[in-house]
Structures are given as structure tokens and as C-alpha cells.
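First structure 1, then structure 2: two forms of the same chain, each alone, as C-alpha cells.
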Structure 1
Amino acid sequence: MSTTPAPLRLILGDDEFLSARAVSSAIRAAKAADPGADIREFDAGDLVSGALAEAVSPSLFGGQRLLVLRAGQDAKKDLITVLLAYAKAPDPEVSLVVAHAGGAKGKALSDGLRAAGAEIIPAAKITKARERTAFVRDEIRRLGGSCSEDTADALISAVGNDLRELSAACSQLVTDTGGKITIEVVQRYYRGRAEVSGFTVADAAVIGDVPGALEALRWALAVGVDPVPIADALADGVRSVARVAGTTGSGYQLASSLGMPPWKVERAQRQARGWTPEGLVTAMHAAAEVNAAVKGGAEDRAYALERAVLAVARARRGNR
């Protein structure tokens, strides 16, 4: 054996996909190292301490053994005691992998394993757009391809935010194209957009991007976003621009006085270019009008939204 895996590994995080993938890669590695390896999997909630003691005790016949403990946060108190006692003096022939959701539940186990020097494999949920972009790029790099940041963003907007689907899309693209992934490739494979919210529509509308806003609106309605949140997002977009219009200072300075998070202030400041006060009044009126229209005031809610998007975008350019 060339590289022995760490005897203790802790998969920490609540993302189901990442955690399952880390477990399966550990199993695959163990099988590759020793085809006859003894692999046992348990749910921590069901495991009693006696069974664990049996599982980690040395085998009469020797050989490598991999022990996978899923849902470590559900472990009972006495199991945690036994596990941590074992972690202080791990058996070199046994490799223990514990998946833990992080968080406060079962914190004693995750903290104890960390203190015992377990290798930490992060599997936390990805919530920030930047991290998701990094995930896609890492994924493609791991599979032996390469892609730029823009391409990764395009893929995310086409496929959606689900990591499982993103990972599948990455491997598909790398296999089919031989590794060099460009925006054109993404656009050839994926048409349309998976996740469009009202905010996408509003963001495009307040920078005067009529085609972009209308396209996003059609997509949003096509994938089943309710018109009411779209109308609310439109009002929110105009409001944020109006609030920062005419102010100077960094996002952090303005954040508290405007009651908006700094990133939102900064984005609104970028969007505020090209707006006149009169235009903002017109746009806010259009937003208020469509808010009534989507709540029963109009026959055709989609049409009302389209009109509002056009009115907002037009108000920006000032050619009313």
C-alpha cells in the first residue's frame, strides 16, 4: 500500500450530496487499495456501543477494514463515549469514517473527533453564488477539464443550483467535449434557464436591459414562478435603487442607515447609474400598479408584468 488513508475521517456538513459522495469515494479508495477489504456501514442512530466495539476490534485474519458511520449527529451518548475512547487510540488496520451534519446536534462527537486529530472533509451546504461557481470549476478540474468563471456561471444558470445535477452536468460535459469547456459548449448543451426568480427579472429591468428582463420574465413564468413575488421583487428593485440614488459612500457605511445589507447597497449603487428622480417616481408607480394587477386587478397577469417591466426599463432611459 502506497498511501494509507487517515485512520479517522470526519465528513462535516449537512449537504447530502457532498457527504454521500465523500463516503462513496472513501469506500472506492479502500476497495482499490485492497479488493478484499472488509467494509461495514452503520447508521449511528441504530448502532449500539457493543456492536461498535466489536466492529473496531482487531480481526483474527488481519486485513484492512473500513468502518462508515452515517448520520453521526444521531449517535447516542454512550456510543459517543465509546467512539471517542476509540479515537484516542485508533487501530492502524481499521479506518473510521464518520459523516456528521455539523450543527449543534451531536456536537460532542464532531468536536471530540476533531480534537483527536481526525481528517476533516468539508461537506457544508453551498449557499453563496461564488462558492457554487468555485464548486463547478473544481468539479471540472477534478474530471480533467477546464472552464472559466463565466462558463461556470452560465452552466449554473442553465442547470440550476442543485449540486447533484451540476456535478452530473460537469461530468457529462467533460466526457463529451474532451475537457475544454467554453460558453458556446454550455449553450449548445443546455438551452433555457432552470432557476429564475423575480429578482433576476427586477435586476435586468432596473439596469434597462429590456431583452434580458423580458426573457427572464418569460422563463420565470414558464418554470412556474408566481406573478406576485415577481411583482414584489420589481418593487424591491426599484426601491433599492431609489434609496441609494444620490447617496455617496461605501456599502458598509450606508448599510445601517438604509436598512439594507452592504452587498445589496453596492449592487443598487451600480444599478443606480442612469436613473433620474422623475424616472424613479414613474418606475415606482409602475411597480405599485402591477402589484395591484397581479392580485386580481388585471385579466392577464403575465401581460401586466410585461408592461411593468417595460415601464420600469423605459423610465430609466428617461424617454417616457
Structure 2
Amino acid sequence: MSTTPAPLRLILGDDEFLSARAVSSAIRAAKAADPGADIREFDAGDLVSGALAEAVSPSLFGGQRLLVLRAGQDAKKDLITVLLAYAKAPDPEVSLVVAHAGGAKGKALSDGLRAAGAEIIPAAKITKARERTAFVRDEIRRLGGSCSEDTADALISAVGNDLRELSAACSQLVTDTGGKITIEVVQRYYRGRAEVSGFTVADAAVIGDVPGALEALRWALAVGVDPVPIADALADGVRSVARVAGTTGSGYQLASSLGMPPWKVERAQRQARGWTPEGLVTAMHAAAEVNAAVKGGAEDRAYALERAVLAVARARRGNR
């Protein structure tokens, strides 16, 4: 996606992760082009045509605007009429992004925007193995690394088919290896990942489930999961909870300001219940210490992980 905001973008597809990420990318591009850009997000099912007409009308103060319309398939007929009329002559200072699930519902809107020359950003669910392999390779390339088809297939076999998990795995591998990803690297990091992962350990720890977190950790280590991604997942889980603590609003409303996809915001909000600021400070110190330990060659990395998992889980349990 270019850094210059396009006047019309249609995110087309029913994969929640891909759609949410495309919206986040559009928001980042708008902020990069103009840090003071006016960014507004709407739900198509709740938006009335008059409010949209006002949002796209020329501003007295000028400046770039980004309007994000989610769930475009739910737009009512009068709103679709206004949208398609606007699409014929869009304001050069406004970038309109419409997320549409595709399919028959609301097809008049997606077809009309396509005909008006909107930039199409595919977000359909990936169902074919070859497409999933291409997704992994593209994801690693986007992050500055590279891998072969065989390596991508090995990662999918280890992690599974969920795009969120695959994206997180790609990010971890590129960060920890500098981008030189081979089958041997995947096997070293994610052996046994199908059974349990660092995210499994972290999810149990941040909700205060001491037995569950320790069981997941010991099983992960027993089947050969590398300590580094476990420590990374624990730190990411604690950071996510800390970022959403005290916030109000839906995942979609908070996603752009927190720099997190909506699904991750909502999961962290659920996990944040019961935490206090003091407990989070304790947990963040524990996560930082174990990351330094496992990446700095601690003599007993498994012991360092167990101490950290206990510290995080007990920090949460102690604040109920």
C-alpha cells in the first residue's frame, strides 16, 4: 500500500484479521503523510447519509482527512446512494476507506466503488494451502526477511493455519533472527508448537492461572519449544494488558490509538480484568528480566521462565 493516501479504497473480504490490518495500515499511511490528519471511523450500519455528507464536505480549515467506514455491507440504501455519488468526484483532501465483507449483501456498494476506480485491497479468507504459503512469504518479506516455500510450509505445519498466529510467528522470527529464516530455524523455534505455544503460556499467566501457566510452560519446553518465543509471548501479553488497562470503548474504536488490531485489543481487555497498576509494574519487570535472561544465555533458561510465569500469574492473582 502506498504511503500517499488514495482518495478511495475498498477493503474487500470477510477475513477479520486481514480487514482490520488493512484499516490500520491506511490509518498509519494517513498519519505518515500528515501527522495532523483528521481521522474518523464509522460503522456503516449506524451511519446516516446526512452525517456522511457532512464528513466528506470541504473543510474551512483544510488539511487531510481519513474516513473509515467499517462493515460496508450493512450500509442502508440512502447511504449507498450518497457514497456512490461522492465516489464519482471525491475530495482530493479526503481519503475514504470502506471495509466490505464481500458477497451478495451490499453488493451494489462494492460494485459501485469498484466501478468508480477505488483501490481494491483483498481481505478474503485464505482457504488454499498455496495462498497460505504465499501469505507467510509475503509477511516475512514485508518485515525485512526472506524464506523459501519449504520454510513457509514448515512454519505453517508448526504454527497452524490461523493468520494472526502466523503473522505473530513471522514477526518473532524476523526480529530474533535478523530475517535469515530457514527450516532449521523454524524447527528450533516452533518444534511442538501445534501442541502448545508461548501464547498458550502467556494467556494463562496474564489471567492468573498458575497451574495452567506452569503446565503449559513445562509441556512447551518438553516438546522442544524454544525459550525465546515463550519469553517474547509473555512480554507481549503483559504489554498488551498494560496498554488497554483503564481504557473504554470497543476494539475497533481503540485500535488506531493503541496501534493494535481490534481482536487483540478485545482479548487484552478481557485479560485486564482484575489487574492493578502495582500488579502490572511487577509483571512488566518480570517479563523484562526473563527476556534478558533467555536472550543473554542464562545458565538455566527453563528456571528463569518458570520464575517469570509464576511472578506474572501471582501478580494478577494477588490483586483480585
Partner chain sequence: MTVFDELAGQRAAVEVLQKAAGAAAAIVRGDQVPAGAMTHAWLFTGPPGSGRSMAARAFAAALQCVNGGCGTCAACHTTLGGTHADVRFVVPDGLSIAVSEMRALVLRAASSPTQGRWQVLLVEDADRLTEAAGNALLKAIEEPPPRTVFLLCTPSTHPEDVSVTIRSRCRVVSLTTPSAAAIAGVLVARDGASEADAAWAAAAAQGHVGRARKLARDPASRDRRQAVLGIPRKLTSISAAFDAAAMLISSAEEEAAASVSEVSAKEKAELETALGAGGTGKGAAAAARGTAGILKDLERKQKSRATRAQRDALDRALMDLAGLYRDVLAFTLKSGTAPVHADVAEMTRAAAAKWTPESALRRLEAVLACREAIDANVKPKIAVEAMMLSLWQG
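Take the two forms, superpose them, and find the largest set of C-alpha atoms that agree within 1.5 Å; that set is the rigid core. What you see is a predicted model, and the numbers here were worked out from it, not measured in a lab. Residue numbering: sequential along structure 1, first residue numbered 1.
Looking at both structures, it is structure 2 that matches the form predicted on its own. Once you line up the core between the two structures, the Cα of residue 68 stays within less than 2 Å of where it was. Relative to the superposed core, residue 139 undergoes a Cα shift smaller than 2 Å between the two structures. Fitting the two forms on the rigid core leaves the C-alpha of residue 148 displaced by under 2 angstroms between the two structures.
Superposed on the rigid core, the forms differ at residue 204: its CA is offset by 33.7 Å between the two structures.
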